[in-house]
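Heads up, the chain below is alone and in the form predicted on its own; it's given as structure tokens.
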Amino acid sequence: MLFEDFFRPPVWSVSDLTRYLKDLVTSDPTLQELWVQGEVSNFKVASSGHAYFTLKDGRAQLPCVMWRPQVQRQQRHFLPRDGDAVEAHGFVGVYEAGGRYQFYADLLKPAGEGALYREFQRLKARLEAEGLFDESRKRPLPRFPRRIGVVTSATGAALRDILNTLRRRYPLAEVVLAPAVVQGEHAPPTLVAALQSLYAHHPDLIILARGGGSMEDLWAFNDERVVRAVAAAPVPVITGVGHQTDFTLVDFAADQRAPTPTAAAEMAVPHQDDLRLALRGLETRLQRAMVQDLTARRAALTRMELRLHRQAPLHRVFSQAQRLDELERRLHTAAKHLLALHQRRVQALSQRLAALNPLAILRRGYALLTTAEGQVVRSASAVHPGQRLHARLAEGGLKVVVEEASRDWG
């Protein structure tokens, strides 16, 4: 190895060097978002949908590419032709396969709109700092608006689209139009006046709309007076200005932003078909609830009727009659038992009485002697000879005369 080889710089491959340059460009924040102004040349849209063109001025040229999604969006507003002066937004990158740097554009505007865009950003930042765009200020839209105020041109297609959409979706709503100029230097005062004129009609919400156009055409909706009027509206405001990719400052101040006037009308009201479906569902639920309620009430009425029947005087009479029958059966049973008991007692007494009956003794051959006075003779010493006595036999009686009285038998 030669001595000078120690001081020789390293040898780069083309790929390494290109990749290094790409990293340098990508790491520079200035090159990652910028506006470039120049004249368009060789503008072509390939079959892939990507656009390729060159921006040039008197001293240099800049190869540019715009990918298909951005081209499709750009076609709705402005698609340049060769020779047009434009302002392009995007970033600088390195195309390794071609070994060149190029500009990747995502937005193209006619020359002059770059200043408008910067003014847009400046005013947006100031109003945002004041809190005009805070989400906490956004109000919900009424579900079923009865009166809708519309601020737009009386002769524009936006009004026809809004009216057709409202009529198709929700014909119950009343529409109050406040016509205004929607483009030019005289537009902002008329827009503010139109908004304020609607307040006397007490709308439930307001639609502020116009059709699409360039940034310059839509600039009236970036006017500070209009933005403040939208923010100060006493009812919710829906904006539908331009197309889906267009944003104006009134969109940030409004309660809801729609991409188009038609979408604003759709957002403002429900669809009558959805309401019919919801009503049918509510009707079904109401019928089911009524059936359940009637069933519950009928059951409660039946229970109350049973309670009333149980507490009715006639039911109490029947109940007492049943109790009386029961007591009667119990009394009859008790009486039978008591009678049987007394019968047994009488039978026993009868047997005892029969055993003690003098007649029974007399039937065994004995006689009962009584004096003429009816006194029972119990001792021989109680009588004297010649005394007349009456002898009671088991059958009949005898009159006897005492011949002799002796204490000794025999």
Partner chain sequence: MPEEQIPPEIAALNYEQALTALEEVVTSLEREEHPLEEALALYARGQALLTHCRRLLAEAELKVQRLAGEDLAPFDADALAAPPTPGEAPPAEA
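Quick caveat: nothing in here was measured; it's all calculated off a predicted structure. Numbering follows the first chain given and starts at 1.
If you look for the form predicted in complex with its partner chain, you will not find it shown, but the lines that follow are about it.
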item	value
Option touching its partner chain, based on a heavy atom within 4.5 Å in the model of the complex, out of P236, P110, G93, G156	G156
The unique member of Q320, S197, Q72, T245 whose heavy atoms fall within 4.5 Å of its partner chain in the model of the complex	S197
Heavy atom of Y170 within 4.5 Å of its partner chain in the model of the complex	yes
Any non-hydrogen atom of M267 within 4.5 angstroms of its partner chain in the model of the complex	no
In the model of the complex, D161 touching its partner chain (heavy atom, 4.5 Å)	yes
4.5 Å heavy atom contact, R285 and its partner chain in the model of the complex	yes
Residue stretch of 273-281, 118-126, 73-81, 96-104 approaching its partner chain in the model of the complex, non-hydrogen atom distance within 4.5 Å	273-281
Its partner chain in the model of the complex: contacted by all of R146, V176 and A289, heavy atom 4.5 Å	yes
Residues within stretch 16-38 having a non-hydrogen atom within 4.5 Å of its partner chain in the model of the complex	none
